[in-house]
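Next up is one chain by itself, shown in structure tokens, the form predicted alone.
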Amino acid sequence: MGTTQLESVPEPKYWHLRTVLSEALDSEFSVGEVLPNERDLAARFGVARATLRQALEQLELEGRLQRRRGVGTTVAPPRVGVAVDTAGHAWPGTADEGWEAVDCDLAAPPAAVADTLGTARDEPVHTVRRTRVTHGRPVAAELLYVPSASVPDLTAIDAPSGAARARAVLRELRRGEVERRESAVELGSAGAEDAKELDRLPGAPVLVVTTRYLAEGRTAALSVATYRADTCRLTFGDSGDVEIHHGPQSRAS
């Protein structure tokens, strides 16, 4: 590889380096390839190793790089496309490929959730916990809040606890007819529980998708799904999605 010196730019040097490194990843490296060590990279770009580390950390946050113990820094695979709104009039669990029911509790939800559901703040609701795995990687964790009024025929005898009860709540929820659902996406930071589920450090960037399911003029269920921002590309709609790839192979589909 040749030597590339960074010109004087108004943006932080590490951010400009991040851009240059990203272009190099597209043109010179393949997925899984190990990058040269920090000393060689710093010499190539004419920067201090501290500046280089900042740029590498940024690219890792963006999902372009992976740091693997005993291996080094490698080029990460492309983000996984995850469909989050392919059936606008369906309950959760109807056609959610990749989701797995993990547990279910009956307890009072957070106050903001109770207000959205229209339940009393001390009224217990079913809290279904699900995880989503794509290509062997955990990509999302969900808390689905379901008021007892939405699953009136659920009994403790049918599903006493755990994943079985979670599946029973989903099954009973689907007996009704959903009128519509409303979703919102925002950037957030992983809390301790989400970080554990997603194999990330607390505070890692995540995408939070909040979905309200409406039936009979009320909120019948509320989903709060947390997706890994470094590995996921959320897609919406029934007819596919737009994909923009880095480098000269950029295309839309």
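For the two forms, the rigid core is made up of the largest set of C-alpha atoms that agree within 1.5 Å on superposition. All values reported here derive from a predicted model rather than from experimental measurement. The first residue of the sequence shown is number 1, and the count goes up from there.
Just so it is clear, the following notes concern the form predicted together with the DNA, a form of the same protein that is not shown.
Annotation: in the predicted complex, residues Pro12, Pro36 and Gly46 each come within 4.5 Å of the DNA through at least one heavy atom. Only one of 22 to 30, 184 to 192, 65 to 73, 209 to 217 places residue heavy atoms within 4.5 angstroms of the DNA in the predicted complex, namely 65 to 73. Contact between Ser223 and the DNA in the predicted complex is not found at the 4.5 Å heavy atom cutoff.
In the predicted complex, the DNA sits within 4.5 Å of a heavy atom of Arg53. Residue Leu201 is the only member of 195 to 221 with a non-hydrogen atom no more than 4.5 angstroms from the DNA in the predicted complex. Relative to the superposed core, Val31 undergoes a Cα shift smaller than 2 Å between this form and the one not shown.
Superposition on the rigid core between this form and the one not shown places the CA atom of Asp199 less than 2 Å from its counterpart. Once both forms are fitted on their rigid core, the CA atom of Val71 lies 2 Å or more apart between this form and the one not shown.
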